[in-house]
Structures are given as structure tokens and as C-alpha cells.
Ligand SMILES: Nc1ncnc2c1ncn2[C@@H]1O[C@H](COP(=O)(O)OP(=O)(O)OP(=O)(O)O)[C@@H](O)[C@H]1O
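Read the single chain below, which is given as C-alpha cells and is the form predicted on its own.
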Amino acid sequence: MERLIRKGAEADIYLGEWFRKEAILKIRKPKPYRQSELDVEIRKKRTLHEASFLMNARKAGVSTPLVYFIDQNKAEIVMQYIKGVRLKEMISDRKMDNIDALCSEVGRCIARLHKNNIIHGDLTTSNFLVVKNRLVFIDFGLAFFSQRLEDMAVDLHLMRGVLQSAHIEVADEAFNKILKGYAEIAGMNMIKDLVRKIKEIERRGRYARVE
């Protein structure tokens, strides 16, 4: 029996079984405001898109849930159920005695994605699961390929913003550890370029005016 565990704006997440294994079913819901045929096509493409990026991330050396099955017609992905705790909850509940190690690993994982031209697009502390001090990346629905420094900087800028809004007590320390881990994979020159670009993005946001 499938059990709804999370409702999202784009998809619902169910806990069920796949050949007697616990599994996650992610089903993209029809949007009544879209023309029917267009809606079906969009949901099919986004389902394949996310499944593809889950697999590409694994090839890049980043842990993600295994994809068991894709049903294009139902806009459904069946994937491995990961018994972990969201990084967000660990920080909020002050369960992060190993915050330095975990945040450094976050940085290393992001760098591996970026070295393979994968931009996650939604780097928040809700999209990391911690399993016995191992990180698993989830939700690649907004991922895309890019070699642009700007896109990589936006990924990190989003992560920093989430830390500052949801985890203000540890935000600076955590983000510095993320950058340190990133540098271990990408090198200090890359980090310097990214930090400059992040500051540029912040300045643009600060002085942007609503017309």
C-alpha cells in the first residue's frame, strides 16, 4: 500500500514497495491550468529529465537514490528509499556534532557535480539526506547542464541564502566549510573566482529595483 509522505507544488512523494523493497514513488501531478496535451508532454519530459540527472550525478561520484523504474505516461519515477535524516533537521535540532565534516562533504559533492557541468538548481539543506555520516543528494528536478561560472555561483549563492535564513547561528561557519570542501576538489583558484562572482550576484540583488 502506497502512503503519501509529502505533497509538493509539482509532485507528490509516496512510500511504497518495488519488488518487496521499500521504494519512493515521485509522481508529477497534472496541472489543470495547462492545455491537456501540453501538460502531459511537460510532465513526461520533466520526469525523464530528473531521472537522467539522478543517474548523471552518480556517474560524477555523488550519492543519489537509485532509479528503479520510470513510467513516462504516469509521469512517475520509482526510486530507492533512503533511510536518512534531512540535513535541515539535523542542523535545526542541533544534532550536528560533526557539522564541519558534513559541510565539507557538501562542498566536495557540489564541486563534483560542477566539474561534470551539472548544476543542481535547488541546493537547500532539505535536499541532502544524512545516512551514517554519508550524504545523499535528492531532488534533481531543476538540474541542468552548464559550464558557466555564473550558474555555479548561483548554486552556491542559493545554498548560502538558505543557511542564512534557516540556520543563522551556524550559517557563516557552515558556508566556509562548504567552500573549503569545494576547494579540495576544484582548487583554490576556482573558489576565488566563485566567491568574486557570488559577491557580484549579491550586489546585483541588493541594488536591483522593482520597476
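Fair warning: this is a prediction, and the values are worked out from it, not measured in the lab. Throughout, rigid core stands for the largest set of C-alpha atoms superposing within 1.5 Å between the two forms. In case it trips you up, residue 1 is the first one in the sequence shown, and so on.
The form predicted in complex with the named molecule is left out here; the points below concern that form.
Annotated contact segment (heavy atom within 4.5 Å of the named molecule in the model of the complex): 23-31, selected among 23-31, 180-188, 143-151, 165-173. Contact here is defined as any heavy atom lying within 4.5 Å of the named molecule in the model of the complex, and by that definition each of 6, 11 and 81 is a contact residue.
Heavy atoms of residue 135 never reach within 4.5 Å of the named molecule in the model of the complex, leaving it off the interface.
Residue 100 falls outside the set of residues with a heavy atom inside 4.5 Å of the named molecule in the model of the complex. For the chain shown alone, residue 127 is a contact residue for the named molecule in the model of the complex, at least one non-hydrogen atom being within 4.5 angstroms.
In the model of the complex, residue 86 approaches the named molecule with a heavy atom inside 4.5 Å. Taking 2 Å as the criterion, residue 148 does not count as shifted between the shown form and the other one: its C-alpha moves by less than this amount when the rigid core is aligned. Once the rigid core is used as the reference frame, the Cα position of residue 22 differs between the shown form and the other one by less than 2 Å.
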